[in-house]
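Here's a solo chain for you in structure tokens, the form predicted on its own.
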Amino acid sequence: MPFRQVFGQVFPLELAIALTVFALVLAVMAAAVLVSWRKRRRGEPAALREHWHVVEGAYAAALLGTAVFLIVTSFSANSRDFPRDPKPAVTVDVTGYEWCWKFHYAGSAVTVTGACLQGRPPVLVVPAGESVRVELTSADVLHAFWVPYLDFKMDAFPGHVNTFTVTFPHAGRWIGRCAQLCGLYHTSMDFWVQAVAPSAFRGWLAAGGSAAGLTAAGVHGR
């Protein structure tokens, strides 16, 4: 659910580890080249040692420890990204298709779609500050539901439903895109996410997702 927060915690940590490992590898390589160069200048023979068990053991232990740490951190972050929420405020069935999106609000007759190829992307209206369950699928080929604001992407598979829960903490409007190359007009598969006050959202839903309801909720068109 808190995708941006979790990503903001995990990514800098993993980046720091990657940069540290990279710097250590460069340092060891530079040291090896320097030692070899000095030996050649002195006329000393190259080392004939085939194994250096202490160094090799320390390297293996450090590698294992780093791998275990990254695995534990990743699984912990993944569990925070996908908490179990048995009572979301709303469930939206999201279907990607060539080349646009359809949003159906479970338990209602409201279905929102658009004309992406004509520059009229659909708007996914959600209540701000409340949990929203998204049940994601595809009508044809592989697509991907991506909201850059959330730092989150989920694949949409034909014949399969991926589920996640998200909360938009405040009212706002954010662009969403298909992040999986899916055909000729892939770049046209945009949509908007519009988070509005819960009361405005319920009014819009009760109005059947009408254009008047959109205006009353502060949504700027489909």
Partner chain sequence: MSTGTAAAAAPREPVGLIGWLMTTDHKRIGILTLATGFVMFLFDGVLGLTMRAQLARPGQHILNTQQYNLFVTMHGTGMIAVSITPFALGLGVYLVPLQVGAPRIAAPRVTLLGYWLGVAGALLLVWGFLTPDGAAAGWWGYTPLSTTTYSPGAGMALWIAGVFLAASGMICQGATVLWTLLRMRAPGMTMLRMPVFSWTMVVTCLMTLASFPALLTAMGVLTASRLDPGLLTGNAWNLAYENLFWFYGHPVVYVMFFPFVGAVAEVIAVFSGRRFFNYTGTVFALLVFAALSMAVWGHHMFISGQESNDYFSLTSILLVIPAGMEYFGLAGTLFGGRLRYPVAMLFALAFIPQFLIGGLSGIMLGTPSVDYAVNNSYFVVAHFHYTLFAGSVFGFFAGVYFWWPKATGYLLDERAGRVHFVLMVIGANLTYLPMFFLGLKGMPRWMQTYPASSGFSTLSLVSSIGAGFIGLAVITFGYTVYVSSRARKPAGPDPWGGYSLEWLTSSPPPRFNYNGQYPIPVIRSFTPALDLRQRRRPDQPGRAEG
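Here the rigid core means the biggest group of C-alpha atoms that line up within 1.5 Å when the two forms are laid on top of each other. Just so we're clear, the structure is a prediction, and the values are computed from it rather than from any experiment. Residue numbers count along the first chain shown, from 1.
Missing here is the form predicted in complex with the partner chain; even so, the following discussion is about that form.
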With heavy atoms only and a cut-off of 4.5 Å, decide whether His170 touches the partner chain in the predicted complex. no
With a 4.5 Å heavy atom cut-off, would you call Ala206 a contact of the partner chain in the predicted complex? no
Contact flag, Ala31 vs the partner chain in the predicted complex, heavy atom cut 4.5 Å: yes
Check whether Leu142 has any heavy atom within 4.5 Å of a heavy atom of the partner chain in the predicted complex, and answer yes or no. yes
One stretch from 146 to 154, 121 to 129, 101 to 109, 87 to 95 that, in the predicted complex, holds residues within 4.5 Å of the partner chain by heavy atom: 146 to 154
Is every one of Val166, Val193 and Ala197 within 4.5 Å of the partner chain in the predicted complex, counting heavy atoms? no
Check each residue of 48 to 70 against the partner chain in the predicted complex and list those with a heavy atom within 4.5 Å, in sequence order. Leu48, Arg49, Glu50, His51, Trp52, Val55, Glu56, Tyr59, Ala60, Leu63, Leu64, Ala67, Leu70
Using the rigid core as the reference frame, would you say Arg40 shifts its C-alpha by 2 Å or more between the shown form and the other one? yes
Would Trp174 count as moving between the shown form and the other one, using a Cα shift of 2 angstroms or more after superposing the core as the test? no
Under a superposition restricted to the rigid core, does Tyr185 display a Cα displacement of 2 angstroms or more between the shown form and the other one? no
